[in-house]
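Starting off, we have a lone chain in the form predicted alone, written out as C-alpha cells.
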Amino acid sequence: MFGTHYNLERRSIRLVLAIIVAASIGGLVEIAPLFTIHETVEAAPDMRVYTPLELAGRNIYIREGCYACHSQMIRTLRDEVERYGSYSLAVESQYDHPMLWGSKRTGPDLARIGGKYSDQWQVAHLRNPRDVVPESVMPEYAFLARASLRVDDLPAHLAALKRLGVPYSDEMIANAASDAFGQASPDSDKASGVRARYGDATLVSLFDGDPRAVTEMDALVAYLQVLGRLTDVAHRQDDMGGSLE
C-alpha cells in the first residue's frame, strides 16, 4: 500500500486525476439529492413569507450572533420533542436565506418559541435576561430598544429574496418600508395593509411597548414571535400520528 501511494505521488498527472475522481464522488453524493428535493420536502400550502419587520428582526438575530447559542432545529429524539415541540421539517425553513439550522445549544432551541411568551416577556428577557431567567448567561440587548430600525433597504432585500425563489409580490416589495412600520404600529393606518398582504394571522403589535418609534427591539421580537408559526404543517403531522397528507 505504501509503495502504491509513493508511486502515485511521483506521477503528478495520475495524482491530479485521482484527486479529481475523489472530489467528484464527494460532490456527487452532496449534489445528487438536490435533483429530487421537490419530491422530498413536505407540502405546506399555508406557508407564508416573512413580513419586512420579521425579516429585519431575522437580520438583527444573525447580526448579533444569536444563532451561535440557539439552534432552530428540533431533532426527532423523544426528549427534544417533549421539551421543544414537534420536530423540525425542511419545508418550515424553505424561505430562510441563510439557513439557520444547527445543533449548538448554549441556550434553548428557538424553533417553536413563537407565541410561547408574551411580547412583554420577550422584551424584558432581551433587556436583561437575568430578570426573568436568573441563571441565564445571555448578554443584555437593551440597546435594541434605543436603536431606530432602518427600513429604507427592505424593498431591495425583498427583491433579492424574490430572485432566490421567495414568493414576494411586487406589491409586497413596494410597500416593504410602510409594512414594517405598520406591523409595529397597530393604531396606524398602515397596519391593515400588513394583514392584507401577509394574511389575517399576521401578528400586528406594539412589540416593544413604545409607540413613539419602530426600533430594532420591535423587529427582533416580531421575528421571535413568528418562529414555528409560518405554517402549521408540523402540528398537523402530530395530529395525524406522524404522517402528512
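Note that residue numbering begins at 1 and tracks the sequence as displayed. The structure displayed is predicted, hence computed values, not measured ones.
The form predicted together with a small molecule exists for this protein as well; it is not shown, and the discussion that follows is about that form.
Although the partner is absent here, residue 115 sits far enough away that none of its heavy atoms falls within 4.5 Å of the small molecule in the model of the complex. In the model of the complex, none of the heavy atoms of residue 161 sits within 4.5 Å of a heavy atom of the small molecule. Although the partner is absent here, residue 86 is not a contact residue: none of its heavy atoms lies within 4.5 angstroms of the small molecule in the model of the complex. Residue contact check for residue 65: one or more of its heavy atoms lie within 4.5 Å of the small molecule in the model of the complex. Using a 4.5 angstroms heavy atom cutoff to the small molecule in the model of the complex, all of 110, 125 and 139 count as contacting. Residues within 4.5 angstroms of the small molecule in the model of the complex, judged by any non-hydrogen atom, belong to 115-123 and to none of the other stretches in 115-123, 145-153, 91-99, 169-177.
The listed set 69, 47, 196, 206 contains one residue whose heavy atoms approach the small molecule in the model of the complex to within 4.5 Å, identified as 69.
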